[in-house]
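Just one chain is shown here, as structure tokens, and it is the form predicted on its own.
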């Protein structure tokens, strides 16, 4: 009953936040004008209609995808490592994607997103290969190698930015998070891939529940522990890589949101994963709306807003839960 009420509240809140995001911005749109645009096809050809359909709606869909996938990834990785401080960026994948994007920005390659995806995939394979010993995925090694790889790639990014200082501002702005996507086809493909992965993650989530308690007990219970660890690491890496390649590095979503959801519905990943997706979408959409309207017509990188909101919320949760 409690979970049903919570999901109804989340869906209503998501709808309200979407409406607020659609009417907010440097160009104001009234509610009456918004509804007339949606229910009158010809209105789409007006200036307000073009702003709604070509700029704000794609941005909203991107915020929903990025916020949801980062929150889901954070929830899964916290369960795998049994560590509440783990977030999607701890495995080094985000730094790999950011390094690929930095190369594309500095050397003026065609697609920043494509290079970011290549960087993420290479990092996933590299970290995974070094973490496997005797056909077993060592989570302790995975964590250490991920952190070290991320630190190394972050240093390379700073070096390249300093050496090619003409592009430093663009690199730093991208690294702070940017949801102004223009490639709708890429957004659709990312939605399909992400939702398929999340569905499979929910399907195997009970095995991860058992594994997160005790690995030896999971083996006795018939859980294929190596498959589960590998599957969730690869899935988390792909989701993180896609998110960073589409929007840059947006922190605190994957760290804070799972804790908020866990506070209300508990640690069962069968519920935690879908609820985290909804909550993460709402959280990032609120932050992006604030980033767009706080100093309009200027725009703040959304990663700054998630940090300003996420850090105090996380500390408050820790104090509340002791």
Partner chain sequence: MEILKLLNIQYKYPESLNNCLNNITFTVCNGETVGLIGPNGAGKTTLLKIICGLINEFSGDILIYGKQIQKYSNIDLAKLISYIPQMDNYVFDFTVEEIVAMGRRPYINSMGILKSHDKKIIKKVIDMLGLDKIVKKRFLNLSGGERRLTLIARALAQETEIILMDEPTSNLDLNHKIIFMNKIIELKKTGKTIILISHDINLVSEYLNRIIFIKEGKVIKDGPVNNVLNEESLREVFEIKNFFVCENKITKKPNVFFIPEKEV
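Just so it is clear, the model here is predicted, and its values are computed rather than measured. Numbering follows the first chain given and starts at 1.
The discussion below concerns the form predicted in complex with the partner chain, not included here.
- Note that among 141 to 149, 217 to 225, 116 to 124, 234 to 242, the stretch whose heavy atoms approach the partner chain to within 4.5 Å in the model of the complex is 217 to 225.
- Comment: the partner chain is not present in this chain, but in the model of the complex one of 106, 176, 210, 186 has a heavy atom within 4.5 Å of it, namely 210.
- 206 is the sole member of 206, 180, 230, 155 with a non-hydrogen atom lying within 4.5 angstroms of the partner chain in the model of the complex.
- Contact check for residue 56: every heavy atom lies farther than 4.5 Å from the partner chain in the model of the complex.
- Heavy atoms of residue 294 never reach within 4.5 Å of the partner chain in the model of the complex, leaving it off the interface.
- Contact annotation for residue 27: none of its heavy atoms lies within 4.5 Å of the partner chain in the model of the complex.
- The shortest heavy atom separation between residue 247 and the partner chain in the model of the complex exceeds 4.5 Å.
- Taking the partner chain as positioned in the model of the complex, the residues of 80 to 100 that bring a heavy atom within 4.5 Å of it are, in sequence order, 82, 83, 84.
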